[in-house]
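Before any questions on how it binds or moves, here is one chain, the form predicted alone, in structure tokens.
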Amino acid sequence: MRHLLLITAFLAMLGPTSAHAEGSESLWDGLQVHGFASQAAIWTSENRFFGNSPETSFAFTEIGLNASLPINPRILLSGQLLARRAGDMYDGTPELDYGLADITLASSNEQRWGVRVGRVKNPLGIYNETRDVPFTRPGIFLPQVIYYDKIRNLALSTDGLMFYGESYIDQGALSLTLGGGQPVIDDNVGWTFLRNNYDGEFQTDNKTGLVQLWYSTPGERFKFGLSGIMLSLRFDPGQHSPLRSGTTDIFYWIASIQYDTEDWTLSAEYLREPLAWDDYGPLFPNFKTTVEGYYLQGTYRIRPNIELLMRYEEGFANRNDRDGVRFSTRTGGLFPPFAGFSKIWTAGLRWDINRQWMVRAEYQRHHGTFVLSFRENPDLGQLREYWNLFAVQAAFRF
């Protein structure tokens, strides 16, 4: 409800163009309102992915409305309301995706400095800031070994401040972002980091910070960067929880590189994520691990409106236990070894029918189940090591 009130107030502040006050046309001339909607159908040979996919799932729907308004040359207001249904993980309740004021503190032909205040998208990797809009993703699904949909909201945005600087030279552009605040926490955090829905809730432990550094050549043909976020989550157990008040410390960082030409784009990213669980009690002993993931992806534009996608990705719950055997042994065999890794081949096709409509088809071959949500797959005995996924999606924008 708090999010709905925030976005309602934001849109009311922007107001419909037909309700201009006399003499205020110059303020509203820059108002832009856009939206999008998408619907997918997903089938898997085994395991659940975004709903009951072995029976064919239609539980992946996105509807978004965004608006932006330049108050003056130095202040830009923008926000987006998103209703996203994704299997058992997200139920389609409208949420404030982002809502911020972008304030330019200094600007010239050589540089720009500013601050973003509000709910701000985290500039993590190549795709995190644009992952919500189907038209700006490279496929129906992002590489799951890096852009986890099972804890999407935690990495997506932060309620706080982000300072940024951009420098433009003959050799290209260099940008730096530094920020901090409160991450967006939902029930999927507990399912992912505690592997169950224990009575209690997570809160941040006042240790949240973000940094991003990017370099791109003129025309952005070649770019690479480093980005990361550090946060500490504190679990406050409920009355019936078997766990104590523990903490989970996370350092999530990505190295990214991309090369872009008129007809094709090559992208690669590497993730490392040290994790530490402390003070949860004997049911969940203290433990440290380092998650690892990487992918290589190529897209080729056969025609301006038809694009092919190929990608290979690997992810590991523990980079020092790539076959998952130690992970399985530590849990007394409760988790099968293949729950500790995922190796995925993806092939996809995109067709832009016109400016407003796009359709996609995607096939994935999976070995392992690391990318799956425990919330959607609570019965570990039903998991299967090798499985296939096929999905189609239609998207509209205005």
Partner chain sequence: MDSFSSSSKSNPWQRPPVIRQQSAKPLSTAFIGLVLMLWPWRLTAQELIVNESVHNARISQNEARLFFTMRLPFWENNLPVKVFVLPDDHPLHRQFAKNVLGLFPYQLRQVWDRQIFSGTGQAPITVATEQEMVKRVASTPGGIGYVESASAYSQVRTLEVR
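Numbering follows the first chain given and starts at 1. Note that the coordinates shown come from a computational prediction; the quantities given were computed from them, not determined experimentally.
Only in words, not in the display: the form predicted in complex with the partner chain, which the text now covers.
Not one of Gln39, Leu81 and Ile229 places a heavy atom within 4.5 Å of the partner chain in the predicted bound form. Contact annotation for Asp102: at least one heavy atom lies within 4.5 Å of the partner chain in the predicted bound form. Using a 4.5 angstroms threshold between heavy atoms, Gly238 stays clear of the partner chain in the predicted bound form. Shown alone here, Val117 lies farther than 4.5 Å from the partner chain in the predicted bound form, counting heavy atoms only. In the predicted bound form, none of the heavy atoms of Ala339 sits within 4.5 Å of a heavy atom of the partner chain. Annotated contact segment (heavy atom within 4.5 Å of the partner chain in the predicted bound form): 166-174, selected among 284-292, 244-252, 166-174, 316-324. Residue-level contacts in the predicted bound form: of Thr61, Asn52, Thr331, Asn66, one residue has a heavy atom within 4.5 Å of the partner chain, and it is Asn66.
Only one of Asp278, Asp88, Glu129, Asp186 lies close to the partner chain in the predicted bound form, with a heavy atom inside 4.5 Å, and it is Glu129.
Contacts with the partner chain in the predicted bound form, taken as any heavy atom within 4.5 Å, map within 288-304 to Arg301, Pro304.
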